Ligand code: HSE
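Below, in structure tokens: the form predicted on its own, a single chain.
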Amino acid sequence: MARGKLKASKWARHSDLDYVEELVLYSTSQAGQPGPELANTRPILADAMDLESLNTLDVIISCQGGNYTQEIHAPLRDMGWQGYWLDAASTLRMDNSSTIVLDPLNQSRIKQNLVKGQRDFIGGNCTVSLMLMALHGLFKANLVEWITAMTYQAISGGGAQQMRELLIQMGEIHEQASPLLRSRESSILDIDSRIDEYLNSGALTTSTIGHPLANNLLPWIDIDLNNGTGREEWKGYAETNKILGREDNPVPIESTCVRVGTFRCHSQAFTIALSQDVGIDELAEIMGQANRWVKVIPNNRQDTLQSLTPAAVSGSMDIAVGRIRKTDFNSKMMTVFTVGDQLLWGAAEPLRRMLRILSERHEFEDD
């Protein structure tokens, strides 16, 4: 291996290709077809099921989903592959041999596990990563006793086809209401009644999402754990404490996860029990200085409606943190509302940053 260089599959930013010796893009459905034109990249997409080819790589970054991980990871390791597996899927997150990566919070833990010889580094659940980035300062100052979270999660968390179906649902609803909208004689109650009837008729397209989401919300995400909790809610507790290295002394976290009809960005409302009574201004400062991505939004109507929304944050690395206030009934309890783009911090960015950590480590070792 050349000094400071890595071989990596799947993905890297243009600006990050300076340390990639060769980038090999794989596909499960388009192998053999031309790939995107990137520096240091083979022009033809490789077969993502080709274990012999994958076995030649130093790093594999998989964004294919859990089924791909289940099919490929173990056989590849059984072949003796000693490379680094970076994965956005949840399949390996809670394995003892894996580290969930969110380096602004747990870089020391990542590096310790690298020294120990760990080879699987997994991106966390998007909602968990956004929560931890937003509340980083509170955890760092050891101010968190427990948290309840109400999440409002964008449809992009369910994938591209669900995003498409949400737009289809919106169009179908508009089509139903359109004749009444064009009539000055129609009342809003007539329009509302027609839409409600259509939503409950079974005629709305729901083949991908499973239920009406346009003009609606879905207060359940992921599989049922048969204890009144969805797997998405369980992740808030389990993954948070693994990232923080607090498996033996976990922070209690309860979540109710809701799918809403926005395209991008997960929003979350937190009630947090503090370990000590800290003033609002100091809490805002603690949160705002924890990392360079948190942007504290003043708790007033104008700033909140302008800057603490999915529309304001979408496509940005910034994590908006606002509505910071104490509860009236207990000065050691606070509420916070946060918004972040889960397609960035919740998926791509932790893996990109982990690739950079690996490149810096190899450069140091080659020295």
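Nothing here was measured: the structure is a model prediction, and the numbers come from that model. Numbering starts at 1 and follows the sequence shown.
What follows is about the form predicted together with the named molecule, which we do not show.
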Open item on the list: Under a 4.5 Å heavy atom criterion, is Cys126 part of the interface with the named molecule in the predicted complex?
Closed with: yes
Task: Residue contact check: Glu232 to the named molecule in the predicted complex, 4.5 Å heavy atom - done: yes
Open item on the list: Please determine whether Ser62 contacts the named molecule in the predicted complex, using a 4.5 Å cut-off between heavy atoms.
Closed with: no
Open item on the list: Please tell me whether any heavy atom belonging to Gly236 falls inside 4.5 Å of a heavy atom of the named molecule, as the geometry stands in the predicted complex.
Closed with: no
Open item on the list: So if I measure heavy atom distances to the named molecule in the predicted complex, which of the stretches 169-177, 276-284, 153-161, 199-207 falls within 4.5 Å?
Closed with: 153-161
Open item on the list: Which residue, Ile191, Ile72, Ala141, Ile221, is the contact with the named molecule in the predicted complex, using a 4.5 Å heavy atom cutoff?
Closed with: Ile221
- [ ] Between 248-268 and the named molecule in the predicted complex, list the residues on our side with a heavy atom within 4.5 Å.
- [x] Arg259, His266
